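Consider the single chain below, provided in structure tokens and representing the form predicted alone.
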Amino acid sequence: MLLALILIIPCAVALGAVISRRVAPWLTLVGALVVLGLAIVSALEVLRTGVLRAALGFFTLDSLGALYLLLVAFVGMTAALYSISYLTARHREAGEIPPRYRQYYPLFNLFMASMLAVPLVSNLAVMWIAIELTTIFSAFLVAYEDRAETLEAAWKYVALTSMGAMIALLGILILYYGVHRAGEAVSWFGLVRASSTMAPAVLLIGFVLALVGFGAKAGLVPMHTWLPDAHSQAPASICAILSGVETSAALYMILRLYPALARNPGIAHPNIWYLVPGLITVGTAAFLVLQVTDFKRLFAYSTIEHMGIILTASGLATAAAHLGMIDQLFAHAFTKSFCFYAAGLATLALGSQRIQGNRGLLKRSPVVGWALLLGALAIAGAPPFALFISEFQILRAGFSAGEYVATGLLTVFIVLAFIAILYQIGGIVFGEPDPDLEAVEAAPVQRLPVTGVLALGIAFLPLLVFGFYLPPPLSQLIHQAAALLGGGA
């Protein structure tokens, strides 16, 4: 009943939001807080029992699923809080309420329900349906402002990720066939148990199709082109979810296939299938950050970079690298959501999200200036933030394993992205305003949305604390998840 409630609550809140637009924002926030509480209880129960099962095995939650569930619930809660006054401020700036405002909270809750379903359902085909539902519900939220640019970004998002979904479905069906033929249940546990006896060709073909299909959703190069467009046009609250946890949902599917590949004796060097696309993705994103002209797009390219780092860490194929990989996945979620919350407030303060021409944010709005700077430092991997710890773990594991070429390239790409991000954001925060824009700079700064600033502060807490200290239950959950992806069942 506990696992089912996590899905029932956002669906019930979506219905309530349809009935009353007035109470929809606060009802959504209350529902998100309850879901976060249930996710914490579920994670603690997983630590106690190992695996939670419900509804005759339809719902299954293990350590990796529990960790991802916590991330989705936390980012969803802060996004719900952020949305309340942020959307009002956006409407005030635009001078009118977008026609999709009434649809925002019902779609928000259905979007959250579909993402929460990914770690909860056990059947691979049902999990694919949940990931495809995230696209359907979030596409309308990307096009929230109903402008030509937002509609184009939404259609591009739907077209590319849906094409990927069809390819991924074919891969899932091939894996479904292999697992069913081995006489196992079609779940992650069944796949791992069946993998050692499956024909290598069946397993490898299914994996490659899943890698390409889910890779489009995760923003892996070259299927990444929808991601910066969608993230630059969607409201900041939706960008935080898209970038923080939705792209990770597709990567979650890819990562969970590694134990199956590693256990099949007929597949030599399974880690190469993770290492090569991971490095290509990191390298491409690092160079793209150098030429970006929009700070929301900059954070989008940073998401692509992090998806590549996680995939590369999986390909390093050591216990230490897998621990760093899970730390990276964990830290990316709350760090990237904080970055987009700061970017949304910076857009309100500056009146634009362009990098060129926007200078002196620290003078214009000190709170937003410091938030954007801290977000840039954290997402670039500067100490003492959590992403620095995870990236250091991954690089140390790679060099210790003798993967000098791959780890050396990864180091170069990470340093390049670090320099590019801080150069771009540093200009916005510390740069001198353009003399030709004195009239704009002299204009009064729009009052910051209260719940937006509050959500920014809440999102900053794990960003600050987890760079120094991980509570023992959370640390234990991360270690168990890393062991699971290293080949454990």
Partner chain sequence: MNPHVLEVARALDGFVAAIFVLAGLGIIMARQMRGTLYLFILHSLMLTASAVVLGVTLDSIHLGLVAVITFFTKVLAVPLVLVWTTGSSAYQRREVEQVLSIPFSILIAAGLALVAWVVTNPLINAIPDHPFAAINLTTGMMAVFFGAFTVAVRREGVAQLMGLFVMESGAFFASISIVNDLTIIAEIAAAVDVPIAALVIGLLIRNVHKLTGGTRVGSMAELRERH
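Just so we're clear, the structure is a prediction, and the values are computed from it rather than from any experiment. Residue numbers count along the first chain shown, from 1.
Quick note: we don't show the form predicted together with its partner chain, though the next part is all about it.
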property	result
Ser162: touches its partner chain in the predicted bound form, heavy atom cutoff 4.5 angstroms	yes
Its partner chain contact at Ser390 in the predicted bound form, heavy atom, 4.5 Å	no
Interface membership of Ala268, its partner chain in the predicted bound form, 4.5 Å heavy atom rule	no
Contact of Val367 with its partner chain in the predicted bound form (heavy atom, 4.5 Å)	no
Contact residue in the predicted bound form, chosen from His91, Lys363, Arg100, Arg396 - any heavy atom within 4.5 Å of its partner chain	Arg100
The single option of Phe189, Trp155, Phe287, Tyr404 touching its partner chain in the predicted bound form, heavy atom within 4.5 Å	Trp155
Output flag, Ala139, Ile174 and Leu209 jointly within 4.5 Å of its partner chain in the predicted bound form, heavy atom basis	yes
Option from 396-404, 318-326, 376-384, 144-152 whose residues, in the predicted bound form, bring a heavy atom within 4.5 Å of its partner chain	144-152
Residues within 4.5 Å of its partner chain in the predicted bound form, restricted to 272-305 and counted by heavy atom	Gln291, Val292, Thr293, Asp294, Arg297, Tyr301
